[in-house]
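Below: one protein chain in two forms, given as structure tokens, structure 1 then structure 2.
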Structure 1
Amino acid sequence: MTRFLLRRLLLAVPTLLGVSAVVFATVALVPGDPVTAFLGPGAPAEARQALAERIGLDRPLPVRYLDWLGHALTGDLGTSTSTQRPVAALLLPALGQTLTLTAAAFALVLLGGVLLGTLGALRPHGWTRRLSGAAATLAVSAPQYSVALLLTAVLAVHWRLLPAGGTHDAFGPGGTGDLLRHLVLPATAAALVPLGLTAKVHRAALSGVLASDLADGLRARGLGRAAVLRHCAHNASPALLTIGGLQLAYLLEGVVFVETLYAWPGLGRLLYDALTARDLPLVQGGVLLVATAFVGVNLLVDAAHAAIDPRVRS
């Protein structure tokens, strides 16, 4: 197990280096002038030159990348050109908010995906399978933005049951209860597509195990339905783990629209504002942080998969 994890860690290093190079080059080559975005089109040439030298835009791209990478390895991601604050100081609070939203959405994905998938696998020819399959297909097919707007219009505007955005009421009591109320709509909107995919994969994997010789052997030994389901679910768990890890990574990267729509102060909204302001250091640091989180999630999934199924360690 230790050798397996070391191999995965060694593979993650060049992956992150490649991602950092692609991120830096892509963001640096995006059309537009960050100096103009910060100072305005009417700024004098001396001020423009001074700012370009201060943020390093007068140097060749490879030199800028190596300098940025060296500082990034020490935790210094530079200074935001739009706020003049350290990038790390802006990213860490936003990362905490994104992780909160991602955790809530992922809980819905696992709960709903396992429930729908299990119901469909237990009744392969009944109305339960058709109903669960239709619900999973609807979750995958429904446009996220349309569902988000519909949920907001009905639950927040028409019925006034839930807040339409933010993390706490301006004049409310605050606390965990207030946060959970604000989490319901964005977490539901973010979880729909991953929930449907998880339900489909889990249903297929569990159906295969329930129809296998393993399940027949367990029934022949006199085990009850619940015990058979428990054993079969354990054997189907690698597929659930794999799709769950992919959907968790998707949520980390894909909540930009949800955070923007619901005014959730996370990484997605921060990066959207940074792109609008042409704040290159903030964009580069944010994308690198998301990519690192993506690689970290994959490492955790690989480790959990190896712990469940020793065959993948070889």
Structure 2
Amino acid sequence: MTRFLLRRLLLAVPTLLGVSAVVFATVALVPGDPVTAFLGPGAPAEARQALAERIGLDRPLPVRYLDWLGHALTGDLGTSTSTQRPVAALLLPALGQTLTLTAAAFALVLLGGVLLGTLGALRPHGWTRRLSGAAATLAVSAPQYSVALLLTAVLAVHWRLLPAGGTHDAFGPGGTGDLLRHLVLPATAAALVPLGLTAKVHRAALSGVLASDLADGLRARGLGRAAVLRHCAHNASPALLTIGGLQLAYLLEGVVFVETLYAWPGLGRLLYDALTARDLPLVQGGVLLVATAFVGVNLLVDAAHAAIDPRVRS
């Protein structure tokens, strides 16, 4: 088990290197000049030259990459050109906010996806299957911003049940209860699409196992419905893990609309602002962070896979 994980960890290193190179190259080769973006089109040539030298734009690309990577490894991701603040100092709090939102949304995704998927798998021809299928399709089709606006209109504005925006940090005067109240709407809006996908995948996997020889073998032992379902859910869980990992990754980068609508100062919103401001160091750092999180999520999925299935471990 430990060896398995170590090997996976080692394999992640070249992936991360590749990702960092692609991130750097893509951002560096993007047309749109950060010097002009920062100083404005009418700036004198000397000022432009000075700035280019200061942020190191006059050196060859590979040198700039190695330099950037070396600094990145020590946690120094450069200085944001739009705010003049260290990139890391901007990214970290945003990451914390996004992780909070993502964790809440992901809990909803797993809970709802498993419930809805199981409901659809239990009876292959019953009305529950149709209901679950229709609900999953509706969820998959529900864009974050639509859900956010509709929920806010009904729950926050019309019935005044929940706050319509902002985060109100958990450590402020409101405490955890206040944070949870602020989380309900954005987490639901972010969760629906991945919830629908998870439900569909889980339903297919669980239906397959429930109709397999394994399920009949378990029934033939005299196990009751609940015990058979437990075994089958266990055997269907690798598919759930894979789709769950993908959805977690999607949530980490994909909540930009929710963050925009609810004024939630997270990573997606920060990256969007950085892109529109052509703040290259911030974009590079942010995308690298997201990509690292992707690789980390994949590692987690692999580890969970190995924990569940002894055949993966050996």
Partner chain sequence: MSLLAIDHLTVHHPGGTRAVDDVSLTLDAGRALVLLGASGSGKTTLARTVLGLPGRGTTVRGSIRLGGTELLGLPERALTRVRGRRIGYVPQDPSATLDPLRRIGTQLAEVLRTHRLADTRRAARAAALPLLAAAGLPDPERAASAYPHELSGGLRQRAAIALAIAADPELLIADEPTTALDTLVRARILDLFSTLRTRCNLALLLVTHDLSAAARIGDTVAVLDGGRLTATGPAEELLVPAEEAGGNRGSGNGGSELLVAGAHRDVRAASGKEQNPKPMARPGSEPSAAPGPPFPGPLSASSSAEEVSK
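These figures come from a predicted structure and were not determined experimentally. All residue numbers here refer to structure 1's sequence, counted from 1.
- Both panels show the same chain in isolation, but it is structure 1 that comes from the form predicted alone.
- Among 285, 197, 95, 249, only 95 lies at the hinge, the spot where C-alphas switch from fitting one rigid part better to fitting the other between structure 1 and structure 2.
- With both rigid parts superposed separately on C-alpha atoms, the smaller turns by 10° against the larger between structure 1 and structure 2.
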